[in-house]
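In the form predicted on its own, a lone chain appears below as structure tokens.
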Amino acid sequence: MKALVIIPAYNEAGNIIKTVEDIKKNAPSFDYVIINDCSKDDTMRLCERMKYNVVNMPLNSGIGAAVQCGYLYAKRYGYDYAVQVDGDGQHEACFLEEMLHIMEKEKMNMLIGSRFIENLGFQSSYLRRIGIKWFSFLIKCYTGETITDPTSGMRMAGRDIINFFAEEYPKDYPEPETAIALLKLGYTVKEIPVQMKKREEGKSSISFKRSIYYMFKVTIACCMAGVGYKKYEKEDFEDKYFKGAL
């Protein structure tokens, strides 16, 4: 089985080396690709100096486009599994092998690393936890399923979902929206407890002003996904995206 770590990175010069070396040390069975989203700092220069596997986006396109580029890479090179690990060093690679084992054993479509099942490690800020609970509520309303950490970027996908995301993926803040879409289509989305770390260097792209836009935009997107996808359409989606992948 071929497994890929997708590392979206924008201005992560202070974190990218630690992130990649953590993956090399603690998830040795995984390949990786860094998607440099046209960083303005030394991220690309460091990747070149360290001879890391990197794709340099031609212009800054946002987190969704960077991650989708990673899924396109995974699809093109025939990976069976792909998992996102953020370039800020928040996600710990020591959980990746366990996630892969669970994905293979239980034949699920997506597995999310949740920091809120056992409440270990960095739990995010108070205001962000309120937003996370709101998105968990929306997912429960539209799908009947409980996702404790709907904004977690640490999500492992099988080949079927890789093909789907390579073709269709939201540009901004995609995690809650895509969780609803997959669940509405009848795919298996589960969680595993993980521990995350606080960003050590740099700053998040979500400022206070952007967080207001984030809440509004993602709420609308979740509602549209909740009414726009139906389980009976799963066969049509498989015909369009997944032929040869299942």
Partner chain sequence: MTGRLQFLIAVVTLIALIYVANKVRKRVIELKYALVWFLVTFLLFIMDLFPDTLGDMARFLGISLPINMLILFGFGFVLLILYTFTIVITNQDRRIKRLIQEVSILNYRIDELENALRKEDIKVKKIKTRTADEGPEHKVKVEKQEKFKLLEEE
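Residue numbers count along the first chain shown, from 1. The model shown is predicted, which means the values in this text are computed figures rather than measured ones.
What follows is about the form predicted together with the partner chain, which we do not show.
Only one of the listed residues (Leu46, Met57, Met196, Ala27) places a non-hydrogen atom within 4.5 angstroms of the partner chain in the predicted bound form, and that residue is Met57. Scanning Thr219, Asn53, Ser211, Thr188 against the partner chain in the predicted bound form with a 4.5 Å heavy atom cut-off leaves one residue, Asn53. The stretch that touches the partner chain in the predicted bound form, counting heavy atoms within 4.5 Å, is 71-79, out of 71-79, 99-107, 127-135, 145-153. Using a 4.5 angstroms heavy atom cutoff to the partner chain in the predicted bound form, none of Ala9, Asn11 and Val85 count as contacting. When the partner chain is considered in the predicted bound form, Lys171 lines it closely, a heavy atom lying within 4.5 Å.
Although the partner is absent here, Leu183 lies well away from the partner chain in the predicted bound form, with no heavy atom inside 4.5 Å. The closest non-hydrogen atom of Met215 lies beyond 4.5 Å of the partner chain in the predicted bound form. Within 4.5 Å of any heavy atom of the partner chain in the predicted bound form lies no heavy atom of Ile192.
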